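For reference, the chain that follows is the form predicted alone, supplied as structure tokens.
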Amino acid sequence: MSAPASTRGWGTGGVSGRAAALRRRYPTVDDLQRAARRRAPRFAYDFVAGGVGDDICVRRNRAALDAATILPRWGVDVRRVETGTTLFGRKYALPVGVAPMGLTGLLRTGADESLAAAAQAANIPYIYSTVGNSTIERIARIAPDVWWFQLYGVPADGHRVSLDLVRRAEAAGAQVLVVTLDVPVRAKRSGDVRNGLVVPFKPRPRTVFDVARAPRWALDMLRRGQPRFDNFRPYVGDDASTQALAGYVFRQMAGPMTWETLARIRDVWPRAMVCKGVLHPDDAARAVALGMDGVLVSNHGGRQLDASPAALEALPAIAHGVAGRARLLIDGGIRHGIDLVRALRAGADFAFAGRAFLWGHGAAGPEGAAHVAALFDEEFRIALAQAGATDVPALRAAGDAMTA
């Protein structure tokens, strides 16, 4: 009897099935990013890939991760490794989740639902953004066990809408509330200015040319419609147009999230709560003093202040200051399983990746998002074993012995 197709011969080429085909076609997130770029018009790709100013901070995030080396330890029996970790009372399959991203449908429609479904299937957290292109209630149905809600403040009318979004997230069963601090003003994203990005799209000559070069993207948009900020429909009107929703978000979602407002939200939110966008140890200490269960060390993916330090650079000082009084999370440039080892060794309890998952969806739709989760699982298992650790606690306990 011949061997099963999945075990014929040595090497990955002997493995069959759809997942194996995706793995051969897209062995890394970089491959998915290139494919997503080919499929999308320039303005859509640039919106996802770009940051603020000259993209210095975007590059700094990646450079800091690339510079972080791990000193491997040999002689450990790593035939079995345990990748799971517990966070806020729930055990997840990996120490990585999907970071919140706004206007995800610009790259490819249905992104929020795709990412939520992939996270639910992989048992990793998915943080749904206030400015996503689905709704709190729909995401709750797709990913009931793993979804968190990320809140942007809507300062008008005493934060009436902000507090109602919190109420809706609680009613829909969000596991964790993530409140973003690092958008006190709207940043200047040069790529978007250069491309004349506006939602809904306007038929400028450059936009028409870009769309003409991306026929699959254009057909997708024609069939499913331009991305809408549907979370805001209850506040604008059930029959609100795409333009009316976008205009409301542009006008109303402007202004800082203050410590005072954060304290108000903490008073009404009954579950775990995380403060996102922290880079200074004193801000982390203040967040913990207000009752935050977690601090997400982040420079907004390089999309707010181009002179910000890399999240990985800021992490050790914050970890020292917090000293175990809250869980420490990180995002910014994470795109490989070895990055999870780097982040955990630098003091994080958990890491989040945004663009990596969105490139998966952009390249291959829902199965692409699931493929990224599988890549993180494979790569983290390998990196964990190569580092000489059999599980996440062992990796963290190894201390400086694993840092070259």
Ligand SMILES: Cc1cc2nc3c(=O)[nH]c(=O)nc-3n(C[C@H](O)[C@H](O)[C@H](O)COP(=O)(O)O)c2cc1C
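Sequential numbering from 1, following the sequence displayed. Fair warning: this is a prediction, and the values are worked out from it, not measured in the lab.
Below, we turn to the form predicted together with this ligand, even though it does not appear here.
### Query
Given that the partner is absent here, does Asp331 sit within 4.5 Å of this ligand in the predicted complex, heavy atoms only?
Looking in the predicted complex, residue contacts with this ligand include Asp331, since a heavy atom lies within 4.5 Å.
- Item | Heavy atom of Arg228 within 4.5 Å of this ligand in the predicted complex | Looking in the predicted complex, residue contacts with this ligand do not include Arg228, since no heavy atom lies within 4.5 Å.
### Message
Quick check on Lys276: any heavy atom within 4.5 Å of this ligand in the predicted complex?
### Response
Contact with this ligand, yes.
Would Trp259 count as touching this ligand in the predicted complex under a 4.5 Å heavy atom rule? Answer no; every heavy atom of Trp259 is more than 4.5 Å from this ligand in the predicted complex.
Ser298, Gly301 and Ala353 - do all three of these have some heavy atom no more than 4.5 Å from this ligand in the predicted complex? All three within 4.5 Å in the predicted complex.
Which of these stretches, 98-106, 191-199, 67-75, 82-90, has heavy atoms within 4.5 Å of this ligand in the predicted complex? Only one stretch passes the 4.5 Å heavy-atom test: 98-106.
Only one of Gln175, Ser134, Ser129, Ser308 comes within 4.5 Å of this ligand in the predicted complex by heavy atoms, so just point that one out. The residue in contact is Ser129.
* So which of Val48, Ala364, Ala373, Ala346 gets a non-hydrogen atom within 4.5 Å of this ligand in the predicted complex? -> By the 4.5 Å criterion, the partner-contacting residue is Val48.
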